[in-house]
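Look below for two forms of one protein chain, each set out as structure tokens: first structure 1, then structure 2.
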Structure 1
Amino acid sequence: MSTFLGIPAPRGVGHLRGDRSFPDAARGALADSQLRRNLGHATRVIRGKRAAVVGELDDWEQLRLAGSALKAATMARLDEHLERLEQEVTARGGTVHWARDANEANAIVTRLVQETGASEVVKVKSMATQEIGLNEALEAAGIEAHETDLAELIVQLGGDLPSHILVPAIHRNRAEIREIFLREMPGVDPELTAEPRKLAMAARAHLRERFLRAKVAISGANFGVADTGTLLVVESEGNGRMCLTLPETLITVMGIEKVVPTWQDLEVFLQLLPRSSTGERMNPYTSAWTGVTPGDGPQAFHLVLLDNGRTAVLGDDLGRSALHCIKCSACLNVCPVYERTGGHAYGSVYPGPIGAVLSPQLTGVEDNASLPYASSLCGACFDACPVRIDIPSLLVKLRAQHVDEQRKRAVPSAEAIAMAAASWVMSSPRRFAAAEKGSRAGRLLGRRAGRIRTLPPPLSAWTASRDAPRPPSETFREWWARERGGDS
């Protein structure tokens, strides 16, 4: 039996909850034709690249199975691996901090930065620090955080929110990026064009200055190897590597689920990750660091291990598989819902199919109750996931959790009443046949069109854009009885 260990991520801090429900937030995105075009194009390109490089491997399914098994085994003894990680990091000159939630993590990082006397930091793209709203916490303490990942920089300069795990500015096109740069980058060449090379050079000049100035860097981690106390970041631009080597102090914030026991385990994940995420055979920059090395790189290293709802998820036998996620974003790129709405509609830093299961798990399902329904259960996410997270089953399970929460209400919802009634009708063949007869009254509705064009709520949501079939004059069971004489 699962024991309840943890507490959900706290309210009012970080970015795990939206302020609107998914259908509501999606409505605006669906009407934005530029956004739809940008997203459709980008996801289609990445999907194609991924399919091609995955197709090259004849052991892809075995790799997925291995990845899934390694994750399951690691989660089963997470406490031991984390303790080992702490031991090894400490032995190599680093300091480990444990943060129960977003508030604690933000306080720890802020204090660490303040102790160095710095008033600005450079950041490597990190989901964990976005999850806890670290930039906002630092700003409140008078510390400026500069994102250095190109897409993350575009989002930050645009005063925007990321909308994709891997390509945070996926919702922007080149022309929009040029405008943001012209508006927000001090000293940018006013002749800047929307040519990718020109945009990249402008960003490079802007970032170089910050890398050379920064005394403190903050990173996330894709993996933490317990065996040797090594942290790893995989990225495409090399900007992360600048942050990891140039500053004097390095602070890494890592979700506790990111630990892997040994270097051997990495072999599997370093094959699964780039192919699933960017559609590349190998990652352009894979940086690993272990503690501190005198005279080389940052001389102070801190590792903040973040819970923020994770141990609560871990206590759930099926639900814990959501923590297996290696944040490759493959499920986003194949998801037909994500492709139309983009990431902002999910209201959490974790969008798409994995966000639809992970966010409500971290916050408690009632704080993100619309997300488990933001899927048609088409199953494309499960097929794409390199660690075989059964996202459709998790969605169904979370829906059931939500419904069970709703049962505690004094007055049941209209939906709950309808579902209970349907169950009562359909668990009896006699009642079901009677209901079919009753529905024939529906034939009157669309008499002229042969199709029904308007239905009362909640079915009006259907007829807003689709005709409904007219109930036939004879059900199958009536035909069968007439033709074959009742019983089979």
Structure 2
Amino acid sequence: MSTFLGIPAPRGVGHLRGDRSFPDAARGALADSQLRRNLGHATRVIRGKRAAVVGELDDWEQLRLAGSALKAATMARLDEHLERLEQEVTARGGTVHWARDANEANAIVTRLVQETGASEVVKVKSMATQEIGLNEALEAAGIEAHETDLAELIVQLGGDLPSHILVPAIHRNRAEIREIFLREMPGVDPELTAEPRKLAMAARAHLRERFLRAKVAISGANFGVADTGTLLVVESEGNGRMCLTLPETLITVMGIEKVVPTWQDLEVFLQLLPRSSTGERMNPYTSAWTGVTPGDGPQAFHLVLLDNGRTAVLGDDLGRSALHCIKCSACLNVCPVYERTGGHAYGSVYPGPIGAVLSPQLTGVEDNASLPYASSLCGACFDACPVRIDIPSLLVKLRAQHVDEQRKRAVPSAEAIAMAAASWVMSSPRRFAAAEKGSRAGRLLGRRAGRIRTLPPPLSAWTASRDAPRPPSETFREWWARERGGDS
């Protein structure tokens, strides 16, 4: 094992960075009324189910505290747990590979597939492989990757990108899915309707053929148990179990933060995860596998442990709590910003509040500088997080880091100039009083609507997306002098 500290995820590979800033990308999403209806309906349904099953537990807060404490303790000794995991996987016939970044992970997986002679693979949902852009790397090597999770399949066939951690196709409704199946799925019944059962049957028939002929499967992992070298996938459809048992070779790509020390730790996480993610008391399928068993299941097993910026996050005493995330997506479903913009606006495979703190840390804050501002700081994400990640505090910390970086620029930004001007005005009672009186000119602009909707440049950057309040006819100082006669 080698140790790599402070290396951010590389540029030009994977899906951690968007092409546009969050405000630019969100503007298009906000104008898409169909998208907003789809998101609003789906997140309301999931929120309701989650609230119902969480309300059944008297010790929910104790479970959250336990989950938070277990994650903090694991991160404090992460190197020891990973070495133990490698030792146990190897002892049971598996092979462990260490990948410093996305490029190394893609190269390792591509080589392993090529060594089997296969030209196609089946995949069970894995955020890690989305993060590193594995499908694109395999395609470049002439290997076809088939997503088997229903939502991932919809996204892949639609030439789309995931927009939610748990429900990647949350931005699509049934009619849109039907159109995608009819257009992209070979041999599908042309009389296919948008009934969920019919859509599921079409996907099942499409996938079964690929399950039966695939020689190699690639999976993610929700947890890796260090004590026994066991990997676990939690899912709802059974496609994961097909991937994990039928092919001859299984390759698992797992972020290093997914390790837990013991099976007993899963007692907590397997209660927190399904309730927070799908609003279920228990998920339908929990698949666990340990190394290789002769004559049963895949006869070759490889575990790729992925860093890709995680040790850089781990090196930050406060920021490392973002690695506690168990990818339940509860914070997305309660976030008013996510509900209106959807996941694509974030530009990263990790959208929503957790993505707004995790992605900038994995890439370096300046590579995702707009994401820490993609929040109202209302705190709903912290209340929903099953492992109590203080996302609002992390957002403020990342904003401060961005401001500090901006101060180092040779040419100050417009925001820095505005803040410096505000500081100069507010540092003098006389200047501040003069500015208050001068602001009365703005009353003319808002005399009809009671609010100012358009300001001249450069202030137009503010009113382009929000109104400004109409200045009062009397300043506070004038009111005080009138009411109190100048007494303090």
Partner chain sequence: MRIALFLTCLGDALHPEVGRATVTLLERLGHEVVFPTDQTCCGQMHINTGYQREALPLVRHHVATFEPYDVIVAPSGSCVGCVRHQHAMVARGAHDERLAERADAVAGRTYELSELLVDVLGVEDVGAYYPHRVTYHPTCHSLRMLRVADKPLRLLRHVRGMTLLELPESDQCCGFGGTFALKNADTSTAMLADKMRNVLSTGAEVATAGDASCLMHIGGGLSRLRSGTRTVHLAEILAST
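All residue numbers here follow the sequence of structure 1, with the first residue given the number 1. Being a predicted model, the structure only gives us computed values, none of them experimental. Think of the rigid core as the biggest set of C-alphas that the two forms share within 1.5 Å after superposition.
As summarised for this chain, the first structure is the form predicted together with its partner chain, and the second is not. After superposing the rigid core, the C-alpha of R431 moves by 2 Å or more between structure 1 and structure 2. Comparing the forms between structure 1 and structure 2 on their rigid core, the Cα displacement of T463 reaches 2 Å or more. With the core superposed, S21 shows a C-alpha displacement below 2 Å between structure 1 and structure 2. Core-based alignment between structure 1 and structure 2 gives a C-alpha movement of 4.7 Å at S473.
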